[in-house]
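This document starts with one chain, in the form predicted alone, laid out as structure tokens.
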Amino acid sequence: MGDLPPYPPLDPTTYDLIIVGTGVSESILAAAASSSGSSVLHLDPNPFYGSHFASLSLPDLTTFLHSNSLPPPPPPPPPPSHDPSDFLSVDLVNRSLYSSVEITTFESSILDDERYSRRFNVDLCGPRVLFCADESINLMLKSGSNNYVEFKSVDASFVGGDSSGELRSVPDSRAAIFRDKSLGLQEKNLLMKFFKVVQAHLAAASSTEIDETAVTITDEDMESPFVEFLAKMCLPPKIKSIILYGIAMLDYDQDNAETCGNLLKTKEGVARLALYITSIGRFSNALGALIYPIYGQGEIPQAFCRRAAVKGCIYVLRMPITALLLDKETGDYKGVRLATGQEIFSQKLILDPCITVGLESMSSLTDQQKETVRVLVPKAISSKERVARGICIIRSSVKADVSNALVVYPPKSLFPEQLAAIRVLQLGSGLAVCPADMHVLYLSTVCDNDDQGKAALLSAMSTLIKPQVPENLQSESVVENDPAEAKPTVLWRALYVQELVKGEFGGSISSASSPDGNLNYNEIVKSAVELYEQLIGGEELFKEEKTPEEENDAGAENED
């Protein structure tokens, strides 16, 4: 640990809560616990905020992926404690969440220039956006974290038809449905009728008065598979595909119960449609349902960290922990040992999902001690617990006149063996993620194994991007208007597979969630809220706080 900065000893040395890792879950918990009055120490071994949710320059992203995809080195011998007999020391190790990392530079003259490559803010957990009405936005508004981040809308959403490159617009309003030239008049009428039924059902469900004449979806239909309800509404396959994968954002083939990882019920499908519908028009500066943070997804955990710091949370970056400290008699958790050798104590501990207990340490523990650290023992990887991710730096856009766009390829749309949807998010320089003449393309798909996931991503890339050929950029511009050559050119590419780890409550020691395979943060936020309730005991997350002006007004009213 000779590369650690010369940190002075931390003071104080005892906290209510220690959190290691500044991912979204950990940062929400730090902000919530600090707001409730708990003393919080928030550490991160990285030199940046965000952990697995960070937005990084190309050199930093390359370094992170390579260093976090290698087998962890053996832990160094623990530094001597002030009194080695006080506690039992359990060594911690970092396991890799990433595998099959493949990074290729096609334009070294541009992207190998560090001054140029550091103008990128590239998401480690992409593609990811936020719905204007989803829980992460509500939580940011409630906590005040929204004051530290700014969003812009995603211009358009498309569903890919097949490998020919056809992209069908996802209609997000009555006007959009009738403007869509890819839909026939009958298809437009059926889609309008379907949305009217859903909106009428939602209006009736939210009304406090019982209306016998209100149009509602029956209880029987609500418990049936969503795909069957869509068929009952006489929607053609093209429309069903847009609803299932372009709006409800499902992963698996809903028409095949054998291969489907999650056959969605109608009540869940209607809830997803409600999220989409209520997101449209919520904010005046958002054109559609989806928004993206300027400077990248890493701004979201940073916003919660800033809120936590305002409430007294102490932050230390570049600070790994090397061991847990357990009571020798009871096996209870007491604290952690920092890489500097200092021992820090707390009542509760939350760890980054890649931190685990070394197997050598586990073999020497008693049953009670093993129970204390059980959430840190690596679980066996079962099927469908991985997500393949891809990043491309491209010249020009995949869709003419559209800078920021989401593209979804439903299962089997690109090739027969495609088991899950492939999501593609294109972002332009207006979001401060890349230079003005480029775009960043993010791709992801859930998968059973690395080869399957990477094959799916490469198929989507070949559909959207021109194959790289040994020609300079000037010669390509000559055929810019040729339809066969209109696809953008890839300048840099990364492929990798990430393990999915769910957060887990373990009493004194808990683990946070890794980035999941979803498009938004709802499941991650839900996991963080549940963990907070278990840690704090059901106390409300981010109690409504009055501004100084509101407090003064309340005081004036009391005086009257």
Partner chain sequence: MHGRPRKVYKPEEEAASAAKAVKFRSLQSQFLSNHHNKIYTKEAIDLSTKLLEINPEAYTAWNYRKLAVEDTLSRQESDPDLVKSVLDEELKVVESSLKQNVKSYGAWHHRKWVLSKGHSSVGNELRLLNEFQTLDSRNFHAWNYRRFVVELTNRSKHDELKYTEFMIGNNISNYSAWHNRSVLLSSLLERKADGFMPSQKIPEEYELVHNAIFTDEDVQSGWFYHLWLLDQTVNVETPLLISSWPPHGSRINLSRAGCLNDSSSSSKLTTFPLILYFDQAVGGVSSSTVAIDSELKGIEDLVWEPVSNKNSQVSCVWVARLKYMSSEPCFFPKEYKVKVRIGNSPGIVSSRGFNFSVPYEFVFTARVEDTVQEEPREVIVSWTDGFDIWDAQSEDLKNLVNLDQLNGQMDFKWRQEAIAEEIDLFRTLPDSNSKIGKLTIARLLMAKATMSENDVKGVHYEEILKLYNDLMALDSTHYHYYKDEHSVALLRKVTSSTESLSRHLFRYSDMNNSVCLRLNNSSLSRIASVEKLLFVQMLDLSHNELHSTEGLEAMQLLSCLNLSHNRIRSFSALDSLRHLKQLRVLDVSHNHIGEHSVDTTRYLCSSPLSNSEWSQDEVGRRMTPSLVTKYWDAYFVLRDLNLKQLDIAGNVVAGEEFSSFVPQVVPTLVWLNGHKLRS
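Keep in mind that this is a model prediction, so the values were computed, not measured. Positions refer to the first chain, counted from 1.
One more form of this protein exists, namely the form predicted in complex with the partner chain; it is left out here, but the text below deals with it.
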property	result
Listed residue (R374, K142, K196, K399) with a non-hydrogen atom within 4.5 angstroms of the partner chain in the model of the complex	K196
Interface residue in the model of the complex among M192, L317, A486, A231, criterion: non-hydrogen atom within 4.5 angstroms of the partner chain	M192
Listed range touching the partner chain, judged in the model of the complex by heavy atoms within 4.5 Å, from 179-187, 403-411, 332-340, 130-138	179-187
4.5 Å heavy atom contact, A436 to the partner chain in the model of the complex	no
